[in-house]
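Only one chain is given next, in structure tokens, and it is the form predicted on its own.
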């Protein structure tokens, strides 16, 4: 189907129940038939589904803007389609070159060496969360999805014991169906609570600096000037929203797949050195952030289609990562695939800054699950997937049984070791 203005037109909706149930096949059909196509849903937007178009658009910040543009269907267009009720996010919603100073600051606390310093904290929380169920022989394995939130909250100097509220505020907005009771509760209750709590934390840290990442941002300068509370809040909310969702998406999908493929699980249990390469393949196949939006800033022809100034575009990393033009047998999970040029963390200036922390989290979760409950059996009849998989895919609940084991932290409370209120 075509029209004069839009070139290919598709009945695509990444928030539909059909997409949630069969997004792999839907994206495959788009890549094969109309890799750049227009859909009228959610106010209308272009869908970019093949590797070539997604890669090119991600690197063309002049044409595909990440900034918010009230003048084009606003107010406050964001990198999600439709717009999620979140604050303006620095730096991913600032175009270069203005984004560069902020990104430089963030890179200092998310670089590989900085991520390594978080390993003891990560190990503590993974150990503690598994301790809470290890003696019972049964659990909801999705509990491991809470660890990234605990680590990020602790890293910022906030109270990690309140991690579940942050998960509800930031993750529910992209995993629950828009308009559902869960979505409304997150938007109307949890998000305002997070904003009030984090803003009060910034105020407190201005008066009482500590050895945490919030204090680092308060002390930092952009172009020779200290950042405002609004700027710092924008960065912290982005860090929280990214931290609580993407790693959870990756590990829950991977652990379910490994149960369904016992030979591959056995290989990773017997050869832990394979985990890093396998993790890259899980990132490719299960792309935690499925897709994000951009705003087109000029009339142009893009891959044969007449895009127009003010149009919205959805860049699907998940679809690009299954493109047969780029990957051999793209729908097959090969835990030995290498090299692996997936773009699960994005491409260009807005490539995920927290990727090394995310990998460290996933690595420790996989390692301890394999060591401590490697024979886990999933009750597949009762797993619960995210009801909306347009932005993140994954599982809310993974009931499992396993051979009981021993606690490793003894009586040490989960939130006692690292969190201190200064």
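Keep in mind the model is a prediction, meaning the values are calculated, not measured. Positions refer to the first chain, counted from 1.
Below, we refer to the form predicted in complex with a small molecule, which is not included among the displayed structures.
In the predicted bound form, the small molecule sits within 4.5 Å of a heavy atom belonging to residue 289.
Contact annotation: residue 187 falls outside 4.5 Å of the small molecule in the predicted bound form, judged by heavy atom distances. For residue 145, no non-hydrogen atom is located within 4.5 Å of the small molecule in the predicted bound form, even though that partner is not displayed. Mapping the unseen interface onto this chain, residue 79 counts among the residues with a heavy atom inside 4.5 Å of the small molecule in the predicted bound form. The candidate spot formed by 68, 173 and 313 is out of contact with the small molecule in the predicted bound form: none of the three has a heavy atom within 4.5 Å. Contact annotation: the small molecule lies within 4.5 Å of heavy atoms from the stretch 352-360 in the predicted bound form, the single such stretch among 369-377, 47-55, 25-33, 352-360.
Checking 345, 302, 327, 233 against the small molecule in the predicted bound form, a heavy atom within 4.5 Å turns up for just one residue: 345.
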